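Take a look at this single chain, the form predicted alone, given in structure tokens.
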Amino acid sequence: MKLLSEEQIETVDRTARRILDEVGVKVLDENVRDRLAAAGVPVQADERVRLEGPWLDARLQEAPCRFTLFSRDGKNDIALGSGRCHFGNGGRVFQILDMATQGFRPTLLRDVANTAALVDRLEFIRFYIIACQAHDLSPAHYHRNDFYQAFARTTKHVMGGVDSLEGARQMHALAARIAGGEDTLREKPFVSVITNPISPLTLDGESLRILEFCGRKGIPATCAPAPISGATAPATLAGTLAQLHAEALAGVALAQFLVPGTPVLYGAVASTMDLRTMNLAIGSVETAMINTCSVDLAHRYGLPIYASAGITDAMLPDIQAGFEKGVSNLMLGMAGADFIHLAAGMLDSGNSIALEQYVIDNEILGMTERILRGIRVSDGTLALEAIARVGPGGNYVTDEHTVENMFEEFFYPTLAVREQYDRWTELGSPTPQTKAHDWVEDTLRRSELRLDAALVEDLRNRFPEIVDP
């Protein structure tokens, strides 16, 4: 899917480069500014740094076009730059919906454990992002605890935002111990980190320090701008796209300046405002359009993209959540985004999660992946021999061609209702929401640790600040 012509993509790219060259970006770290100045990069008195074309191109060429976000069991490795889309959940919200009461409460450490356990079993959610803030922990220890709960509940790749360099160090020490050493973790990193520049056009010192630390340790990262059209970016979609592109390129370039060759994703977390009310409209179709266009801009430089889809402004797992999530997930998938976050579990303009929503979104993603696989056209799938064998007036129900193809050809949902009415009422009139709730209850009841007992004991002895949720 392309919403912009090649000429329009080139125009947006050229404008973004002019922003970096003529306007510049604010770098809120004196040490980094001094290092840039020593390298010949123009640094102004107001903390702005101008990223001129030749310097920018040299840094972007150092960024890897392909790298892998590993899973611990090797079954869900994410090969970025391979042309395949990978969908995952979104992270670090502050409240969770209780479907029984339809009320919200603050998120706790147990919610990190529960969401990781769900993602571990949900086939089409390919990676886990630390889902929520643990309000029952002190800030000094929550990074070690939330990453521990993620590693303990899923073997899929884990990504998380960290608030400080100390948080990144906590994550790395824990992951290195699980991996069996820093060198083993560097060889196959099963964890990665999210940093966010400040729109418009500002990079804070802590994010830069985290990027440098991760680069030196071989931990992949993304520097993902989150401009909001009409608030922290221009009200026009093209203007927001140009600013987003400038911010994302700046993040990649500065990551390469700090540690050449560091694996970093081009980040795109754009959204819009409803300018009639000044409410965030993260589920708007325009949000999906901006993020769709960002895929071509990232791929213009051969960069894998950390893109955004599956987001909604709905408060509940309802019809609005379904159509907003379905449209954006399909658009970003058809655009060919490498790594699509926020695609599962999110509600309330990205402020909340619901456990049932993870299961519902997994079904949406399964349908999306089925569309992306396309229709197989070959001698076997055209079925000429089967058509001749069955002949006029026959049926294919028991034909060997049906048996051979029935599992590969179709996506079989677990939540969608496909019963006749009488049978549906006999079953208690289930809905996708009620079926999702039952699935959550059953999965969490049977959830087990994904770390062996000896390693758990070792980690708890080495890191005594780890607590039970």
Partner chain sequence: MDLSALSEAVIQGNIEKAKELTQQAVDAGEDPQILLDQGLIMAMDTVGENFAKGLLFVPQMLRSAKTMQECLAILQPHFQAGSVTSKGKIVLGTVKGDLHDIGKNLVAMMLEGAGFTVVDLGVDVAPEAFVKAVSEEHPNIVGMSALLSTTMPSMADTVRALSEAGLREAVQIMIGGAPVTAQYAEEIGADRYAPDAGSAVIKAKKLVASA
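Positions refer to the first chain, counted from 1. Source: prediction; values computed, not measured.
Keep in mind that the form predicted together with the partner chain is missing from the display, and what follows is about it.
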{"item": "is_contact(residue 381, the partner chain) in the model of the complex, heavy atom dist at most 4.5 Å", "value": "no"}
{"item": "Contact label in the model of the complex: residue 173 to the partner chain, heavy atom within 4.5 Å", "value": "no"}
{"item": "4.5 angstroms heavy atom contact with the partner chain in the model of the complex for residue 389", "value": "no"}
{"item": "Partner proximity in the model of the complex: residue 277 to the partner chain, non-hydrogen atom cutoff 4.5 Å", "value": "yes"}
{"item": "The unique member of 204, 182, 385, 166 whose heavy atoms fall within 4.5 Å of the partner chain in the model of the complex", "value": "204"}
{"item": "The partner chain: the contacting residue among 351, 320, 155, 82 in the model of the complex [heavy atom, 4.5 Å]", "value": "351"}
{"item": "Triplet 198, 228 and 232 all within 4.5 Å of the partner chain in the model of the complex via a heavy atom", "value": "yes"}
{"item": "Location of the partner chain contact in the model of the complex, chosen stretch of 325-333, 239-247, 115-123, 277-285 [non-hydrogen atom, 4.5 Å]", "value": "277-285"}
{"item": "Within 4.5 Å of the partner chain in the model of the complex: residues from 109-144 (heavy atom criterion)", "value": "133, 135"}
